[in-house]
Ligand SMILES: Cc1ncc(COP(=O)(O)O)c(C=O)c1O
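Just one chain follows, in the form predicted on its own, and it is written as structure tokens.
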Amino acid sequence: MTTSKKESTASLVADWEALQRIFIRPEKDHGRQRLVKYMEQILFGLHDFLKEHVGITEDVSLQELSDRYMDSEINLLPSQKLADVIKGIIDNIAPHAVNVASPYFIGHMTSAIPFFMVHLHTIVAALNQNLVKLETSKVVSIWERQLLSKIHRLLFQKDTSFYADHIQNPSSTLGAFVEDGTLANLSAMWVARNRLFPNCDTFAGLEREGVGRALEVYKKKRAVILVSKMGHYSLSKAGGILGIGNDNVIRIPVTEHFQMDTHALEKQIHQLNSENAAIIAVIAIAGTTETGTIDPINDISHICKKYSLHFHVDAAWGGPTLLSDKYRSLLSGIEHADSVTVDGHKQLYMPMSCGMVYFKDPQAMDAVAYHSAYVNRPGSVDLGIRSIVGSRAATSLVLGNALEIMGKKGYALLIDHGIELAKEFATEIQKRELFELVSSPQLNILTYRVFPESIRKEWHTASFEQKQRLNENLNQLNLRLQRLQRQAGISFVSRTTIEKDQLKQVVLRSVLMNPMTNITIIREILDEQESIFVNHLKERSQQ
């Protein structure tokens, strides 16, 4: 061991002086210069890596990676300096993580983020504000209320006087930040459930006495939530967590365009009313995770108004489309919703994680208010009073400033690019004999599948039983193709299973949100799929 290495190892000690040096007292000038260098590695090293590595990930098996990380003990003493840790992440972790910033990664709702997000997140980490309590956030809580009102206005289009009354009014809650869309949907259903069964003389409230007691007092046999078959699986989670059961999250059939069938919805409402069931909410999806389709929001809102039902829109994916003047009409009617979910780490291009839920009625979240003697006391202005989340980071600082940097027009350019590229992608699929377009894009998600000519010829004259057999062959072909392309590590589309023509079809799913992805790259991805088919799957398709 060299002298310098001995000195380096010797300096890695855990004592009070070392703790103060790395925790609260930055080192002197040469030490600060090193910290700046380390920050440059974080801000630029990883960014350069992502630019240089076009592929999705290096071709190393999960088993090999698992074998590298088998240490189950925490070191007693420090074992690495910060410079070595940063270098280790860049050299050893980043190459084997998934390069979601690649323009060839078009399979999931996670993509490249604007570079400035790294800087904003660094500031948020350094400030370490806790938005559960005014005493640990002060102006940041006030800033967040302002941001909530801006997005609330984008969704519900109330006038200026409304926001003047509620924006900084501690008795009003326009919305709340949570971790993701799952918690946002859960929060909306939590509020809707409690408001459906309010306190009365013989009932101290559902939060205290539970669902069973609420059903007894209000003489209802069960409580249900209605959503289309394309609704996110988080809504089934909500059924379990809220105590009504997964089976009471009722899936409404969809049309051939994968949108909620409103006739089926109204028929289901009539049936539930005749059964003396309580309907907690009806949920419209503004951008389904599998096909990107938008339910007929206006029509569903009219039905909810007719039957006095809570109307929730899950706009986790599609909500930011409202920033585009060109395409905001796709979400027409969202202003009639009682509550809306938006997910910032999707099409607002935020890092993980940034979910939000908004309510038209500023007092709606009073139905889930909780207080404590040491935090969130009655009468305080703490944001944690009406939220499913406790301690949380100041994500709002990142999103609010991102909106300042990008503006509505900047975000609109991203939204418009994704929608228009999806249309080009669909056209390209229809030009190629190997593929079949399964769902036409409304937003920037589409599904398609390999549909070889040999199977296509049989399909047109086949009985339903024969189509079932052919469809199983198609499912295996598409599953294998997707796996082979993923394993190659150059590009990536995801896969899912959707029901169409009474058949469960395995389809390839693409999400177009990276501004660096263009039609040339799309063609390269399709070329690769055609090559995989010819070299590995064609013979199998003819069996």
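Keep in mind it's a predicted model, so treat the numbers as computed, not measured. Residues carry their position along the shown sequence, with the first being 1.
The discussion below concerns the form predicted together with this ligand, not included here.
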| item | value |
| --- | --- |
| Residue stretch of 433-441, 256-264, 343-351, 210-218 approaching this ligand in the model of the complex, non-hydrogen atom distance within 4.5 Å | 343-351 |
| This ligand contact at residue 295 in the model of the complex, heavy atom, 4.5 Å | no |
| Contact label in the model of the complex: residue 289 to this ligand, heavy atom within 4.5 Å | yes |
| Contact of residue 149 with this ligand in the model of the complex (heavy atom, 4.5 Å) | no |
| Any non-hydrogen atom of residue 234 within 4.5 angstroms of this ligand in the model of the complex | yes |
| Listed residue (285, 280, 300, 188) with a non-hydrogen atom within 4.5 angstroms of this ligand in the model of the complex | 285 |
| Residue among 194, 182, 99, 401 with a heavy atom within 4.5 Å of this ligand in the model of the complex | 182 |
| Residues in 107-146 close to this ligand in the model of the complex, defined by a heavy atom within 4.5 Å, in order | 109 |
